[in-house]
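Read the single chain below, which is given as structure tokens and is the form predicted on its own.
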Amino acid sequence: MITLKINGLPVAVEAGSTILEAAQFLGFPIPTLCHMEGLSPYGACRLCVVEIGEGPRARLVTSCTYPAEEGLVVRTASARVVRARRMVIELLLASCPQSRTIQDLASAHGVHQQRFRQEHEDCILCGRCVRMCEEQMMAKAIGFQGRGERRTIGTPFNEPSAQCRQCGGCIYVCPACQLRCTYNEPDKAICGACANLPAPCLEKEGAADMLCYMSPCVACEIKR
């Protein structure tokens, strides 16, 4: 077992655990986007950043890829961490403002302004689809291409892939494919309307005890 401190509390976790796994197991909330249970850690979105260390040597790391270490000091919600996460959400909104997943993240983390030019991209390069295709579907039909601003996801040579079985797994896990209505102006880009609506299950007698604690609410998802 490895002993470390998370938010001032001494905890013990199994060797080989990441900071994210340790924090989630103990109930410390850390938002994620590119990370998904069942897929290998990737650390692309930087949304799961936490602060490790103390004093001037403290730094931000991605909790989904950083291993838990003996004596490590971790802060999951320091002022520095919160600022970094909100900036990441603003940048994600600029890239893909129509994504329901990113809109909900903005609402949950108090992001009320998006200060960057909207690009309306159809991909945020989170790599979920690539890892799903390779690790769960065992197909490797798609992958990353190019570098820097030319980096994209596609099939080899952008030709129809014989390995693709059209299972739809890539679409299922893609946060950019889960679209929601949005404005075109940056100052109105954050909707969050669905997050502010009362859950319809609360109107039914006896249903509140079963559904109101769920995230996302099952009844809300069906209604959409």
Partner chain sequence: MSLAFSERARAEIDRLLARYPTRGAATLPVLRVAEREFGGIDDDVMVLVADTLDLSPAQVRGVFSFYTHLRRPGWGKYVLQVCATLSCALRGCEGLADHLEARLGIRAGQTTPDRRFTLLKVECLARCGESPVLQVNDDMYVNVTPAKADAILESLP
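Residue numbers count along the first chain shown, from 1. Quantities reported herein were computed from a predicted structural model and do not represent experimental measurements.
Here the subject shifts to the form predicted together with its partner chain, a form of this protein not shown in this document.
At a distance threshold of 4.5 angstroms between non-hydrogen atoms, residue 134 is in contact with its partner chain in the predicted bound form. When contacts are judged by a 4.5 Å heavy atom cut-off, residue 172 does not count as touching its partner chain in the predicted bound form. Taking the partner from the other structure, its partner chain in the predicted bound form has no heavy atom within 4.5 Å of any heavy atom of residue 120. In the predicted bound form, its partner chain lies within 4.5 Å of some heavy atom of residue 146.
Interface residue among 111, 81, 141, 153, judged by heavy atoms within 4.5 Å of its partner chain in the predicted bound form: 141.
No residues of 33-65 lie near its partner chain in the predicted bound form, the criterion being any heavy atom within 4.5 Å.
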